[in-house]
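A single chain, nothing else alongside it, follows as structure tokens in the form predicted alone.
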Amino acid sequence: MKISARNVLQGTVKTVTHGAVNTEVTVELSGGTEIVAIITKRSAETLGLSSGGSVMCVIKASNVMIATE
């Protein structure tokens, strides 16, 4: 697979929580850092996501915002 995104992080699915329309997927990276993604329920089903599965988190963002109080 070739993609234009430069930030691809390998991880393991920790949890998959299905809602009516969307699914919340928690992925654990090496070192214990977790990334949470919200994807459509249909996409989660098509990908066959389940706890313990190996996945890639692809991050492509035009903007990164940082704020302080």
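Each residue number is its position in the shown sequence, starting from 1. This is a predicted model, so every value here is computed, not measured.
The next section is about a form of this same protein that is not shown, the form predicted together with a further copy of the same chain.
Engineer: Taking heavy atoms only, is residue 52 within 4.5 angstroms of a further copy of the same chain in the predicted bound form?
Structural biologist: Because no heavy atom of residue 52 falls inside 4.5 Å of a further copy of the same chain in the predicted bound form, the answer is no.
Engineer: So in the predicted bound form, does any heavy atom of residue 14 sit within 4.5 Å of a further copy of the same chain?
Structural biologist: Output for residue 14 is no: heavy atoms all beyond 4.5 Å of a further copy of the same chain.
Engineer: Only counting heavy atoms and a 4.5 Å limit, does any residue of 1-22 reach a further copy of the same chain in the predicted bound form, and if so which ones?
Structural biologist: Residues within 4.5 Å: 1, 2, 3, 4, 5, 6, 7, 9, 10, 17, 18, 19, 20, 21, 22.
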